[in-house]
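Given as structure tokens, the chain that follows is alone and in the form predicted alone.
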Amino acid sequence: MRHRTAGSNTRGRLLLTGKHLLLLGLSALMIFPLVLTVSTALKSGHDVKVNPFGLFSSFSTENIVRAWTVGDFGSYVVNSFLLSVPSTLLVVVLSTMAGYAFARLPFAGRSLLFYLVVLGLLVPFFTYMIPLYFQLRSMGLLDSLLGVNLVLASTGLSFGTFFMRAFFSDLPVELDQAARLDGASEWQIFLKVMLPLVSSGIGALAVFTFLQNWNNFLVPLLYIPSGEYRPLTTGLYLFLGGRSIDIGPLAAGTLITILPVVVLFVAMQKQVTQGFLSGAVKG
């Protein structure tokens, strides 16, 4: 009996060790491209050509300077914020209000309207991107910050409404009743009672939406044909087309593109994790 127990423990430890080694190998495969990009961006141009896969074999900022000046990545960074921040605010505000209405306010056709909103999650953007182009052009919103921000916001409203409704639905109904007995209006209940209780969900939605809009490539490419407000994603694409052999500045441009979102995610990782875990449990 003891031999069986010892054998089972040994097999269990070997299995656990194998799982850990597998996870470590997969993690290394995922992290290596990012580490190589950072290393290439911070190496000298000569070292990139001589030893392209050597990690941190030298240190130089010439690639970053070339990408920032020659590639005009400074303007692309500003444009990315001009496209990502307003659209994210629009999604967060409208989704929070809509989620509250669908979860807490009784009105005729509430379930039907909610399912119609959620139906937007099932409709691919590719099915209506061409008609939307002509519609924006007829409205004079093509090639404008307002038009692109509206399109970016529309792509996140369905998920945002569904996500925030899960948070509001889980809050006790006694909160509404007590606030109404105290004479609070519906706006006061929403702003002062409900909103502070779903702050983790709002933070998670804001980060997720910002990352999605920051990394969006197709919407700016389609609806900013002149390139006046070209963001980092389309700017990196054009930079790649013109300098497909110059790996150093390309890596620097990639680093400039991903650095803001990495910093944002690391800074708000706790809020994002809490928000998504709470939403999963409450949904």
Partner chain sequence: MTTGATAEAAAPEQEETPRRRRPWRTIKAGTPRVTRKAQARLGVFMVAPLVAMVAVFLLLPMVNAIYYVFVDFNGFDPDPPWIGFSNFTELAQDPDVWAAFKNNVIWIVIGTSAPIVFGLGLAVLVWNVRRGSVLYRIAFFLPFMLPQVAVGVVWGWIYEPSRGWLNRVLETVGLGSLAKGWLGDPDTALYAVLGTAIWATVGFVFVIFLSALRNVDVDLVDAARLDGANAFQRLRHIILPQIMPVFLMVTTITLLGGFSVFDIVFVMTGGGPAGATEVLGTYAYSSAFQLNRISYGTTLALVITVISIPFAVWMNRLQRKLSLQGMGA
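We call the rigid core the largest set of C-alpha positions that still match within 1.5 Å between the two forms. Positions refer to the first chain, counted from 1. Model, not experiment: these values are computed from the prediction.
A second form of this protein, the form predicted together with the partner chain, is not displayed here; the remarks below concern that form.
The listed set 61, 27, 57, 69 contains one residue whose heavy atoms approach the partner chain in the predicted bound form to within 4.5 Å, identified as 27. Contact annotation: residue 186 falls within 4.5 Å of the partner chain in the predicted bound form, judged by heavy atom distances. In the predicted bound form, at least one heavy atom of residue 110 sits within 4.5 Å of the partner chain. Using a 4.5 Å cutoff between non-hydrogen atoms, residue 13 does not count as a contact of the partner chain in the predicted bound form. For the chain shown alone, residue 49 is a contact residue for the partner chain in the predicted bound form, at least one non-hydrogen atom being within 4.5 angstroms. For the partner-free chain shown, 120, 123, 124, 126, 127, 128, 130, 131, 132, 133, 134, 135, 136, 137 of 120-138 come within 4.5 angstroms of the partner chain in the predicted bound form, judged by any non-hydrogen atom. The Cα position of residue 127 differs by less than 2 Å between the shown form and the other one after fitting on the rigid core. Relative to the superposed core, residue 173 undergoes a C-alpha shift smaller than 2 Å between the shown form and the other one. Once both forms are fitted on their core, the CA shift for residue 192 between the shown form and the other one remains under 2 Å.
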